[in-house]
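Encoded as structure tokens, the following chain is the form predicted alone, with no partner shown.
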């Protein structure tokens, strides 16, 4: 990572080292920052599961998720109320330029996720910050997760040999109607925070600061419904725009052992050494035909999903809880849970299906009205897994031609590889990849 003592002219940043020294300082490079007398380190949020909906009245602008670690933040952390996925083309055509990009992104992540006063520059110059959040940037539970696409490797011969073995360009499934303008990219950035203004502020900061190396291709914003605390105190999954709970069968992201197996790439996965600690990211923009769905009988909706709509309980345990596990072995003919129900196809609850588990991190989106006068609403589907082929791709192939397809239409997205984490204040995003590329070129 960049050293605060480096000469200003050596900084690969459109705003220069002076911006970092004025607004970031040593605190944002690893220490706790005090904002209005409150230590951000003291307000780090308690760890809950990704599937849990945000609880009303618990979010604070001083919530902070540490950005340093073996893995990047924003994967297994609980979802805050707002999320965004932005895809970029990368202009860097040399290894040095790519490293500069990674260092710039690291520097901005370090500042934005910790917070601090907005730098004040000469009034004759453009302002250092958009001002969207005011003079004090608060962390607001912000995470910024950076992943790389297949094209970053395919279009750079010096990087191609280091491509993760399952990373490829997303191809269409039978029900897809993919819009090329909403697909793929050299690099994706997932931004999550308590408030929408914080996610937008972070995106604008990155676009301004990394403008020499990044060009925005497409983005999709979304949100997670905030729920009131349940009477029984049990966590609840958030509902999607079809009215069903989305995440009832998600793996427990607070279980570190499970995450090492399901989400994070390890030595046993046969990936390039630089990729250890990363994860495959599958992104899908899935439009929901909500008008058609709202005219579908209630019982049919439940049979399509395989769950009760009110509680989320499986159909063979209608008086239970969404966390209850359906017993498909006791229902071989699908009399209680149809054989083609969404949850049964996606996870048959057998030993074979256990190899296809993924961690879903979706957000609802609402983009306005289509040219045909229909609501443009749906799901920003984001999933992480250690193996893309046996994870998302295998699950989606099981879902091909399911009854739910009448009400949904995937229109965009892509596959990316989430880089390993920023291990300490001296590290930067992609450092292992850059080192491996330099070694391969010798």
Partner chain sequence: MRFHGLCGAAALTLALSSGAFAQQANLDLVEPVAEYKLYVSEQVSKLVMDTTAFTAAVKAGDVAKAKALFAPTRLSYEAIEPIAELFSDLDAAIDSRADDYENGEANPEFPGFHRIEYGLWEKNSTDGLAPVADKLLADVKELDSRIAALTFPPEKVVGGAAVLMEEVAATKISGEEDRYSHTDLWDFRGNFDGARKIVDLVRPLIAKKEAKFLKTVDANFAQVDGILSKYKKGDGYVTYDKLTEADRKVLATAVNTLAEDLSTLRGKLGLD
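Numbering follows the first chain given and starts at 1. Nothing here was measured: the structure is a model prediction, and the numbers come from that model.
Heads up, the form predicted in complex with its partner chain isn't pictured, but that's what we're talking about next.
Q: So its partner chain isn't shown here. In the predicted bound form, which residue out of 245, 71, 166, 303 has a non-hydrogen atom within 4.5 Å of it?
A: The residue in contact is 303.
Q: Tell me, out of 178, 92, 75, 286, which residue has a non-hydrogen atom within 4.5 angstroms of its partner chain in the predicted bound form.
A: Of the listed residues, the single hit is 178.
Q: When its partner chain is placed as it is in the predicted bound form, are 158, 212 and 267 each within 4.5 Å of it, taking any non-hydrogen atom of the residue?
A: No residue of the spot touches its partner chain in the predicted bound form.
Q: Even though the partner isn't displayed, in the predicted bound form is residue 124 close enough to its partner chain, meaning a heavy atom within 4.5 Å?
A: Result no; residue 124 lies far from its partner chain in the predicted bound form.
Q: Examine residue 360 and determine whether its closest non-hydrogen atom to its partner chain in the predicted bound form is within 4.5 angstroms.
A: Taking the distances in the predicted bound form, the answer for residue 360 is no, it never comes within 4.5 Å of its partner chain.
Q: Do residue 406 and its partner chain come within 4.5 Å of each other in the predicted bound form, heavy atoms counted?
A: Residue 406 belongs to the contact set for its partner chain.
Q: Does residue 295 reach its partner chain in the predicted bound form, with heavy atoms at most 4.5 Å apart?
A: Residue-level check for residue 295: yes, a contact with its partner chain.
Q: The chain here is shown without its partner chain. Which stretch in 133 to 141, 326 to 334, 82 to 90, 366 to 374 comes within 4.5 angstroms of it in the predicted bound form, by heavy atom distance?
A: Result for this chain: 366 to 374.
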